[in-house]
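Starting off, we have a lone chain in the form predicted alone, written out as structure tokens.
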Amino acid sequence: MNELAQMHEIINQVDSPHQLTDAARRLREAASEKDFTPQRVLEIFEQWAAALDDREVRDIPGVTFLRLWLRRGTLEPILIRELGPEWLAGEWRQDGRARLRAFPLGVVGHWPAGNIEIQAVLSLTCALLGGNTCMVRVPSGLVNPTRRMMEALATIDKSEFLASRIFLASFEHSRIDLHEAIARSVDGAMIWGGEEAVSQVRALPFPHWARVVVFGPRLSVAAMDAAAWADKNESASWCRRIARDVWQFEQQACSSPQALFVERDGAADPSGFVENLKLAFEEENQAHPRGEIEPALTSAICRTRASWLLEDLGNRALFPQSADWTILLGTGTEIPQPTQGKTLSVLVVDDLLEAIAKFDGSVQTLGLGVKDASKEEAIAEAAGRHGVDRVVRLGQMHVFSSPWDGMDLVRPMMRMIRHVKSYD
């Protein structure tokens, strides 16, 4: 069987609304015919994580994190926190004289962003964990990596317990009639992407009862206090963590750090720290070299380098002759316009709280390297008040967990049923 035929078996090329409404009908039938148990899904996911270590898929950006996400040790605590231990056991939870139990919404539609290779798969796993079936619109750029990851699932899901609950559709972004057909057929939706894409999907004709969860455009930053970055014994380790966060997902993910705020230290020059950061970037680039780069991104990186150096005589820039990576060193409390392409702005500030006070709700994740525990508590409190949804240690900015963007990942696509007995 050739590669194109395999792709069509797993990802369906759709050209009519009828194909999608018919697929939704089959998904509802599959859900009613096969008993769902959370434990069975967790077991299959664990095996899927192992299958994703195969050389055919391990090179897909983000697969390492997807493997960690699919493990029982990651998911079981999330399900217990969001839905309670009783749900994992298939039981009702007592709530006074009533009892509660979570049930799936039904068919969940997924619109993943087109710039993160694992996102189509990551999104559908959130709905599958709640017992839902999934209809996924796979962007053209994600067709190949999604197919390869789903083929790994097929090798262990022999009975198609999960495969029968998934319909992957590929069609041109301009086919509004097909987007509308999915929207009319679902009971819930998970939408990811930039402002324009999110707005277009939210405007689709969903049923009035459908629940819609949006993971829209965000950006992330990092911050270090002087005690952390100026510690010569720990500097190299922190720099490796920062480089790892920058390299993942080509700095295109919402959780990718675009700027690093460092607290001023009267006794230490941040230039030494930035030299260590340069070494870490060089090591990371050697370990994970970029295969190719779009001409438009190369041009944007060159413009950013030039404008940064011309903007202020005190600014510095460290970069190789290529566009592989860039470190911009300067001062200020404002987050620069992101360039991406492994371009990190390192900004010296007198007080980290001054920078955080200017966050406007667009910051998703704040990666920290802070030695002073009381200072970190104050930073986390301020970050929460200024719209930040995740405060994590540097090196772990992309670790996918719940809540994400301030929301649970499984429960929004569930219905919590309350039962009060008719007889005591």
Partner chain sequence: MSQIAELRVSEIEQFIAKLLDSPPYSLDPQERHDALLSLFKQELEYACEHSPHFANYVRHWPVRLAAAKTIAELPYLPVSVFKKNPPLSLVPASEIKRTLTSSSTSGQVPSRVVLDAATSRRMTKGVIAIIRDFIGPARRPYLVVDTKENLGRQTELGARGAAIQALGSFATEMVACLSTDAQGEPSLDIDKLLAFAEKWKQADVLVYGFTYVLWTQLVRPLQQRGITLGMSKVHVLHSGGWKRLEQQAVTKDIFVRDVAAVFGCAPDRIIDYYGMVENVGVVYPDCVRGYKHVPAFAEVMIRDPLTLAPVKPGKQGMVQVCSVLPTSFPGFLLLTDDIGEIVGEDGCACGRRGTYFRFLRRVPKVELRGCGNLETTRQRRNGTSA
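Residue numbers count along the first chain shown, from 1. Quick caveat, the model's predicted, so the values are computed rather than measured.
Same protein, other form: the form predicted together with the partner chain, not shown, and the subject of what follows.
The partner chain in the model of the complex comes within 4.5 Å of a heavy atom belonging to Phe319. The partner chain is not shown here, but in the model of the complex it comes within 4.5 Å of a heavy atom of Arg303. In the model of the complex, at least one heavy atom of Asn315 sits within 4.5 Å of a heavy atom of the partner chain. When the partner chain is considered in the model of the complex, Leu328 lies well away from it, no heavy atom lying within 4.5 Å. For the candidate spot formed by Leu309, Ile335 and Asp360, every residue has a non-hydrogen atom within 4.5 angstroms of the partner chain in the model of the complex. This chain is displayed alone, yet in the model of the complex one of Thr298, Thr155, Asn144, Gln94 has a heavy atom within 4.5 Å of the partner chain; that residue is Thr298. A heavy atom within 4.5 Å of the partner chain in the model of the complex is found for one listed residue only; from Val246, Met149, Leu168, Cys254, this is Cys254.
The candidate stretches are 234-242, 84-92, 285-293, 262-270, and the one lying within 4.5 Å of the partner chain in the model of the complex by heavy atoms is 285-293.
Contacts between 191-223 and the partner chain, taken as any heavy atom within 4.5 Å in the model of the complex, involve Gly193, Gly194, Glu195, Glu196, Gly216, Pro217, Arg218, Leu219.
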